[in-house]
Structures are given as structure tokens and as C-alpha cells.
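The form predicted on its own is given below as one chain in C-alpha cells.
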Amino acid sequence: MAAHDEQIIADLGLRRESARSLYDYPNVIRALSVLCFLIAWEIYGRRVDPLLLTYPTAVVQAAFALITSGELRRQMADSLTTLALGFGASVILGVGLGLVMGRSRIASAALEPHINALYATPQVALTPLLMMWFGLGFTVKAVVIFLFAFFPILINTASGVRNVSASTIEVGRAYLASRTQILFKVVFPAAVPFIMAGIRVAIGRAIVGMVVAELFTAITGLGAMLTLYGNLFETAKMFVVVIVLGVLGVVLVRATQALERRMARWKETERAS
């Protein structure tokens, strides 16, 4: 029957082919947009004082020099090590404490004043004090990254736990689930979208914290490279570091989104419906 109906529609000429649109090729649009930007930057950048602005071909040459010398790899490895430690600690403690605050009114009432006060305090203002306590090495950078990333994760996790439907928890209790089972098999999965949203926000803040700490210490890392090449007026090499930081942020956010789709498949199904 379906084939017969299709034949009738074709014979009568009732089917109209939809006109092709440029929006059917979004990747082509993105590529053309980036290409136009790079061409305009190249043309304009060559007309500006190289101390103030560079251009893409000079950035590529500077990147090649930094890669072949091994400096970019060494400094990036140092930055990524501190980022992994500080951000990992913020995720573990932020999610854990957020679950406690979301489920316990006593813990929430006791900790909220301190959390709100620390979150409202600019972490940059605490960096000199942290340098006095922890010195200028690896530890202070990890602590600064932790402080920058911790609060968005904590606040989003606590909000997600509080927003879990009471009926969902009642279903778990009806099946005689223990408090631990309700927490990890009902509450935590339901709060995953909130948690991952907090982690996405925290990634950007963690990278900012990493650069801030390295700018203050100016010893190792990508932030130290920014300080060094800024003092030497090597603009092209500064742009290499800035682009690396931007790419790092995009890659980490994309990885977080992929992890969220894997952990909260029910949410993707709900959106699709």
C-alpha cells in the first residue's frame, strides 16, 4: 500500500522537492566564516605595528618555533598537571559536599554563609595571600585553580539535588531502598544535568585560575609564557599561547558535553521527544 501511494503521488506530481538552502551545510558556513576572519586579520595585521598586533602567518611561524624547541610542550605539560589536580579536587569535593548540602538542611544552613561569603569574594584578591601561605610553586597554582572551579560545581550540585522530584524519591522508598541507595541511584542520576552544567562553567573558571596563578608566580606554565613574551614584546608568541588556551577550553567543554550525554542518556531522550 505504501509503495502504491508513493506511485500515485509521483504520477500526480504532488511531491515537491524542498529547495536546497545554504543552512543545509552548517560546517561549510563555519569554515567560510573562519576563513574570512583569517583573511581579514592577515590583511589588517600586516598594516599594524607588530608590537601591537600580529597576523596569522606570523602566529603559525611562532607556533612552529615554540613546538620545535619543545618549550610549548614543557610549559603546557606543567600547566595541564596543575589544572588536572586542582580541577579534579574541585569536582570531587564540590560534588560530594553539594550532595550533602542538598540532602541535609542542617548542613546547608551551617555551610551556606561560608560558601556565599567565599564565592562572593574575588578569588584573584586571595591569590597574593595564598602565595604567602603556599609559596610560588606547584601547590599554590593547584589551590588557586581549586578555588576558581569549586564553587560553581558545589552550588549547581546542591541545586540539582534540591530540585529532584519528591515523587521520584517516594518511588525509591516504596521499593524499600536505603538512604544510600536513594542518594546514589535516584538523587545523583537525577541531578547529573545540574552537576555537568556546573562542571562546564567551572572549566572556564579553572583555566582562568590557572593563568592568574601563573601570571602572579611567573615561573612556569602558559601564564608564565604570556608574562615573558609580553615583556619582550613578542606579540606573535603571545597569540600562540592565547590560542592554545582557547583550544584547551573548547576541547574540555566538548569532552564534558560528551560525558554528560553518556551519563544522562535519559535526558537526551526526553529532549528528543
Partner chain sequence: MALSTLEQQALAELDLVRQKPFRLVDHLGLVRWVSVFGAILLWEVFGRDVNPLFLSYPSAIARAAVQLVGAGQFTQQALNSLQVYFIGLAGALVVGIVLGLLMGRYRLAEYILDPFVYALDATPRVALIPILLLWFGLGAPAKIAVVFLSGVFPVLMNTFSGVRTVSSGLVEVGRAYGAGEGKIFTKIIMPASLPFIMAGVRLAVGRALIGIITAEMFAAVTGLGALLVRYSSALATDKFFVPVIFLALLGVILTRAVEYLEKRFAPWKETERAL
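Please read these numbers as outputs of a predicted model, since none were measured by experiment. Numbering follows the first chain given and starts at 1. Only the largest set of C-alpha atoms that superpose within 1.5 Å between the two forms is called the rigid core.
Just so you know, the form predicted in complex with its partner chain exists too; it's not on screen, but the next bit is about it.
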Problem set entry | Exercise: T68 in contact with its partner chain in the model of the complex, heavy atom 4.5 Å | no
Exercise. Does any heavy atom of I207 come within 4.5 Å of a heavy atom of its partner chain in the model of the complex?
Worked result: yes
Exercise. Would F233 count as touching its partner chain in the model of the complex under a 4.5 Å heavy atom rule?
Worked result: yes
Exercise. Taking the shortest heavy atom distance, is L80 within 4.5 Å of its partner chain in the model of the complex?
Worked result: no
For this session: Indicate whether the candidate residues F151, N156 and P193 are all in contact with its partner chain in the model of the complex, with contact defined as any heavy atom within 4.5 Å.
Result: no
Exercise. Among 158-166, 137-145, 99-107, 72-80, which stretch sits within 4.5 Å of its partner chain in the model of the complex, heavy atoms only?
Worked result: 99-107
Exercise. Going by heavy atoms, what in 161-179 lies within 4.5 angstroms of its partner chain in the model of the complex?
Worked result: none
Exercise. Taking the rigid core as the frame, does A65 move its C-alpha by 2 Å or more between the shown form and the other one?
Worked result: no
Exercise. Taking the rigid core as reference, does the Cα of L53 move 2 Å or more between the shown form and the other one?
Worked result: yes
Exercise. Rigid core fitted, is the C-alpha displacement of V212 between the shown form and the other one 2 Å or more?
Worked result: no
